[in-house]
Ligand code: 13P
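Okay, so here's just one chain, in structure tokens, the form predicted alone.
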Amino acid sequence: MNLVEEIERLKEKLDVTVVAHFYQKDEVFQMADITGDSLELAKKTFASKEEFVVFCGVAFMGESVKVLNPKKRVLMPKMACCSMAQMIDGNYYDKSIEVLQKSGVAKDDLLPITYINSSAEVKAKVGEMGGLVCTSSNAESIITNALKSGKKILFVPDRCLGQNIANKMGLKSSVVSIFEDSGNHSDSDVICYDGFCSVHQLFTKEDVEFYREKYPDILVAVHPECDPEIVNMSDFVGSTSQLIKYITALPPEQKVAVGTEFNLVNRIRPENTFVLSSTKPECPTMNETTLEDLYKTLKSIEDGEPFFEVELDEKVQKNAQLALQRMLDL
């Protein structure tokens, strides 16, 4: 059986849109009707007319589509889990609030912002507290608006993105840990939960120094999920979409080392583009989805027995939608 031909047949027959994140394997990415980063995909699928969305990505992304499109039937070929999103759940979120209260920061003095790389449960917790969602591309504008409330920002779950935006804006930040916290948060503008992306933590200052020594004229472009030390050494910092736009606009002869996920870097442009790492920065969960998984999911729709469907508790759905809608309204 030719999987590509079968997938194309099923796509043509069924009332379905196939969606894939930029980090997916090439063979899966090429099968998608809609591609993009987290927010792009949620917004584009919102406008799609098909009954089913088959989402090739990780769980929080499928959940975001369902939150914004409650009537859509969202299926995932693999219920893969983002390591960063897994670092915080509703219980850990509540514990971080408790830790801050013990340190002298009142709950009423906090306005939470969650990176879109979080579960619907965490988005709902944030929504209940009057908070909102952000992405790596709009985090600065979201934080700028949130600070007008006069409250401190509790930024979850990525400490690196929170610290990098705070540094860029000239704000004071701190990191709160639910396991062993001895920080002073009373004079912080942005308090960051102690989570991170396992892939973007792979890039080191030695990697940057290696490329600068080997190619003196090289540019270094990284994602803001990277450690602040790496961000401070870079020539450009941007979201997935911003990195693509920046790199493709460079002269063909301009060398650039890129600090983000391997599959994306590998397909941005064919020449003079390097992965900023001595190891292969490939997201293991993003790469769980295979062509066979995609085929089986589409076949389950054809057989009338769809599986791996995203379903959310009604209260979680409602409050997570509040948090996402507040971001979209801005």
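Here the structure is a predicted model, which is why all the values come from computation and not from measurement. All residue numbers are counted from 1 along the displayed sequence.
One more form of this protein should be noted, the form predicted together with this ligand, which is absent from this view; the next part is about it.
Annotated contact segment (heavy atom within 4.5 Å of this ligand in the predicted bound form): 36-44, selected among 290-298, 63-71, 36-44, 270-278.
Exactly one listed residue, out of 239, 173, 96, 234, brings a non-hydrogen atom to within 4.5 Å of this ligand in the predicted bound form: 239. Checking 164, 136, 119, 114 against this ligand in the predicted bound form, a heavy atom within 4.5 Å turns up for just one residue: 136. At least one heavy atom of residue 200 is located within 4.5 Å of this ligand in the predicted bound form. The shortest heavy atom separation between residue 159 and this ligand in the predicted bound form exceeds 4.5 Å. For residue 125, no non-hydrogen atom is located within 4.5 Å of this ligand in the predicted bound form, even though that partner is not displayed. Looking at 15-30, the residues that come within 4.5 Å of this ligand in the predicted bound form, counting any heavy atom, are 21, 23.
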